[in-house]
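Quick setup: one chain, the form predicted on its own, written in structure tokens, and binding and motion questions come after.
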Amino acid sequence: MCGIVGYIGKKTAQDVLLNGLKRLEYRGYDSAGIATLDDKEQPHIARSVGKIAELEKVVAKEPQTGHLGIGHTRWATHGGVTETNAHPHHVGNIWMVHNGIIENYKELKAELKDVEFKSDTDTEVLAALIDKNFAKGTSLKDAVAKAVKKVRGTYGIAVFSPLEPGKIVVARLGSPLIIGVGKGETIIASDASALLGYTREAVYLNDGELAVCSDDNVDVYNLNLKHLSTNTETIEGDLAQIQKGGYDHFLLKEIMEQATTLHNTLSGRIDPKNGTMHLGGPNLTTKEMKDLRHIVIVGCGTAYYAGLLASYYMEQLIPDITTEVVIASEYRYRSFHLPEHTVALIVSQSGETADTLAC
């Protein structure tokens, strides 16, 4: 649900970033922030909990005139809804925004013993890893490539450093990133709607690619830093059409995008070659997983229906386990009894459903 915007050019970056983040508000978020680099190569960061309007109040207290910056709208996954957990994140000489989930962030964090982490996020861990690589005298591009090679999960990131002013490095795996190519400016976004009004010419970054963006150039590489040819495509349609993906209604768009959404969700987590998966969340030992005999799936509305479908698959794939799917608004008032070796799978469309939280 998160959104990314980046800008480098002649315009005031914070204005472009705020405008772009407003274009992405329909995606849902709980906090927002921007980081800019001023003309003296000094970074400035502004973050807030709540709507973009709250971020605008923070920015208004100390407006910046720099021409490079990155912005983000966050939907909390790792860590609660706080200003400290909001993006952009800053570690050492790195400022970064990130969409996606770093599944192995705890393993990476354990390797970074000298870093004093300020947030509860997986994003800050990746920023610290990039900074560690960058500190060894490599270029920002090299530092990003080396860091993301160690990542298991999904990411769309935009990174800048005052040590290499005039450029933003972006990379993606399973989380969309589009680079808008304008006249003397480059705009980065996770959704084409944020680019409209600035340019209709765009480079669509593919999985496993990174790009070095300046105000007049975009160089794309694979993670082995082999330079790749790029195709600039024209963004068709108006803002409403782009946000709806060409569909008449957002509901229809969501229905038709289910296959792509599922693919993106699992991207980076499945290893087809070895027939293995790396899925975060349960935090159960192998023995605890093998001992499971009963699964209760709790949800409301669409989350409940998703649970029903999941239960059909579970019953087919794991014959020794029984599944029970319950409606949260009813279950919370029952005096239910659970057998031994039971686990609950709590499903929410928003993360805020009161009945589901009560269960």
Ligand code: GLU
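Predicted, not measured: the structure shown is a model, and the values here were computed from it. Throughout, we count residues from 1 along the sequence that is shown.
Not pictured, yet referred to below: the form predicted in complex with this ligand.
Listed range touching this ligand, judged in the model of the complex by heavy atoms within 4.5 Å, from 116 to 124, 187 to 195, 249 to 257, 141 to 149: Heavy atoms within 4.5 Å of this ligand in the model of the complex occur in 116 to 124.
Of N104, T77, N264, N93, which residue is found within 4.5 angstroms of this ligand in the model of the complex when only non-hydrogen atoms are counted? Of the candidates N104, T77, N264, N93, T77 is the one lying within 4.5 Å of this ligand in the model of the complex.
When the contact criterion is heavy atoms within 4.5 Å, does S161 count as touching this ligand in the model of the complex? No, no contact at 4.5 Å.
Report whether the minimum heavy atom distance between C359 and this ligand in the model of the complex is within 4.5 Å. Residue-level check for C359: no, no contact with this ligand.
Tell me, yes or no, whether G100 is in contact with this ligand in the model of the complex, where a contact means a heavy atom of each within 4.5 Å. Heavy-atom contact with this ligand at 4.5 Å: present for G100.
Given that the partner is absent here, does R172 sit within 4.5 Å of this ligand in the model of the complex, heavy atoms only? Output for R172 is no: heavy atoms all beyond 4.5 Å of this ligand.
G268 and N231: do their C-alpha atoms lie closer or farther in the model of the complex than in the form you see, with a change of 3 Å or more? Compared with the shown chain, G268-N231 is farther in the model of the complex.
Regarding H72 and G268, go with closer or farther for their CA spacing in the model of the complex versus this form, the difference being 3 Å or more. Relative to the shown form, the pair is closer.
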